[in-house]
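Just the one chain here, the form predicted alone, laid out as C-alpha cells.
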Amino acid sequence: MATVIDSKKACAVNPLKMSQPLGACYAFLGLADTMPMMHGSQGCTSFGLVLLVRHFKEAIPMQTTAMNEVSTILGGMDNIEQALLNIKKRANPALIAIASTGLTETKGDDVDGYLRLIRARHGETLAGTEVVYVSAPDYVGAFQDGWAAAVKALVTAFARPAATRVAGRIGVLPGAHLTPADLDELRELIEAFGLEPVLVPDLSRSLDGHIPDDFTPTTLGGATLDDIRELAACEHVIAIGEQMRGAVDSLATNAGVPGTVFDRLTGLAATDALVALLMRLSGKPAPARLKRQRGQLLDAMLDGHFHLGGKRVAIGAEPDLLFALASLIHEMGGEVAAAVTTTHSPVLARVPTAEVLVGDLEDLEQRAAGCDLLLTHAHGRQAAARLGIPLMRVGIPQFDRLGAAHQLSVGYRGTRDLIFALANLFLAHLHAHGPDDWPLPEAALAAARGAAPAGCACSAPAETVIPIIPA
C-alpha cells in the first residue's frame, strides 16, 4: 500500500498536471460531428487548443464563449447564447459540448438554467443540434477528472433505459490515458470474440491522424450520439481506469446496464482478466492469434527482465496511467523509486511504491535523483537532462516527438511493445567500453614512459624504451 501525500509548496514549479476543462474537451473530441466549447476567457481555450495541436499535429476544433471583465461580472448567458447561435449557423454540428472553467465557476454561472432559457427562446434555430454541459473547474482536480466528468455527463444526458438488450453488444468507456492506438487494439480484441464494441468516446476514429475526404469545421469522426444512446442496450459495459467508475455507475443506475471496471489493461494478468471476461460474454474460446500474442508477451517478459530488473524508475503521470506503468515496472522486477501524480484517486493507494506525491515536475526531479529512467510527458525533458538519465515520454503532451497517437500499451501486443521500448532505452544508454576502461598496470605505464615505478629496486636508463607487447 502506497502512502498518498500532497505537496505543501505555495505554487507549482514546472507543472505536471493539466486542467479539468481541457480534459473534458479532450473527451468531447472523441465524438462525431461535435464542437467542444469552453465557457471562459479566450486564453483558457487558446492554451488548451495549442497544446492539443502540438501533441497530435492535427487541426483541433474548439470554441470559446470569450468572457471578459464585464460579462464575467454580469453573467455569461449572453455570451453562451451568441456562441451557440454562431456555431449553429457556421458549423451546424450534431452536438455542442460545453465545459466550464475556473473563471465562470468562481462567478457561479447557472449554465444549466441558461441553456433552458436559450432553448426556449431559440428552439427552432437550434433544432437538430444537441447541447450538453459539464462542470469542470480548473482550480480542482486535473485532466483525467475533466474527462471522467464529461463522459459521465454524456452518459447521463443521452443513455436511457432500453426495452431490450442487444446480445453481443459491448460498451467500452476508455479513460483519458488511452491513446487512439490503444482504442483500436481494444476494438480488435473485442471483435476477435465475435462481439460488437461501442466505444464512447472514440478517439481512434477522430484523432488517429487520418486525412479526411472533405473539410469539416467540427470533429473528424468518433462516437455518434446514437452510439451513446445505444450504451443502454449493451449486454455489458467495460470501463478502463478507475476514473471511469462514475460513468459505469451512472449507466447501471439509469439504464440498468451491468459493467466491469478494469484498473488497467497493461500487463499479462490484466489482459488475461479482460480475455476471460470476453470468453464468458461470448461463450467462445480465445482465438489462436490471441494465444500466440500471449506467448510473444511471455517471451518479451523473459527477455526484458534482464534489462529492467533492479532498475530504479521515476514516474510522473495522471493516476490511472501512473498505476498502469508502475505496475508493469514492478512486475518486470524494477523499482518505482519516485511516483508523482496530478490528482487524487482511489487507485493511488495500490501503486507499488512506498509513497505517491500529488505534486509537480520539480518534486519529481528532486525525488528522481539516483534513478535510472524518467517516465513523464515532454515537459520533463529538462529534468531528465539535468539528472543525466533517459526520458521515456508518456501521456500528454508530447510535442517534441511524432506519433504520440499511435503509441500502444494495452493488451498483449501493447504490453509487449512497451517492455521492448523500456528495455531498449536502457540498452541505448549502456556505457560503451573503450581502452580507458582497462588501465594498464603501473609497471607497464612507467616503463612506457621510460622510468621505473616508485619503489622499484631495478631501474632502466632514461633513454631506454621498453616496448609493450600486446597480449
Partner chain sequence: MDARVSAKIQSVFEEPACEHNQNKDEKARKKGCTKQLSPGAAAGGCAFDGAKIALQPIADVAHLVHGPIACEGNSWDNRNSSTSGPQLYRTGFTTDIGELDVIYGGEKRLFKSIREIIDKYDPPAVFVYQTCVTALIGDDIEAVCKRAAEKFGKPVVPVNAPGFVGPKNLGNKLGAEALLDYVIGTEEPEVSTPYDINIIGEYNLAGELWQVRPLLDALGIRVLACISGDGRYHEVARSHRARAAMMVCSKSMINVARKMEERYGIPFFEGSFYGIEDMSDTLRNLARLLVAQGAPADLLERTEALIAIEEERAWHRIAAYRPRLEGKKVLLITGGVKSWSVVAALQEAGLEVVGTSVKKSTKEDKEKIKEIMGEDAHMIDDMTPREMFRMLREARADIMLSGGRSQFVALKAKMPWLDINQERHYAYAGYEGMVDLVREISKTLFNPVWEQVRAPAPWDVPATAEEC
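Residue numbers count along the first chain shown, from 1. Computed from a predicted model, the values in this text were never measured in an experiment.
Omitted from view is the form predicted in complex with the partner chain, to which the following refers.
Q: Counting only heavy atoms and a 4.5 Å cutoff, which of 78-86, 306-314, 321-329, 343-351 contacts the partner chain in the predicted complex?
A: Stretch with heavy atoms near the partner: 78-86.
Q: So which of 169, 294, 152, 379 gets a non-hydrogen atom within 4.5 Å of the partner chain in the predicted complex?
A: Selected residue: 379.
Q: Does residue 227 make contact with the partner chain in the predicted complex, using a 4.5 Å heavy atom cut-off?
A: No, residue 227 is distant from the partner.
Q: Spell out, yes or no, whether the shortest heavy atom distance between residue 73 and the partner chain in the predicted complex is within 4.5 Å.
A: Yes, residue 73 lies within 4.5 Å of the partner chain in the predicted complex.
Q: Quick check on residue 140: any heavy atom within 4.5 Å of the partner chain in the predicted complex?
A: Although the partner chain is absent here, residue 140 would touch it in the predicted complex, with heavy atoms inside 4.5 Å.
Q: In the predicted complex, does residue 103 have a heavy atom within 4.5 Å of the partner chain?
A: Yes, residue 103 is a contact residue.
Q: 243, 260 and 275: each with a heavy atom within 4.5 Å of the partner chain in the predicted complex?
A: No, none of the three is in contact.
Q: Pull the contact list for 58-90: residues with a heavy atom within 4.5 Å of the partner chain in the predicted complex, in sequence order.
A: Contacting residues: 58, 59, 63, 64, 65, 66, 67, 68, 69, 72, 73, 79, 82, 83, 86, 87, 90.
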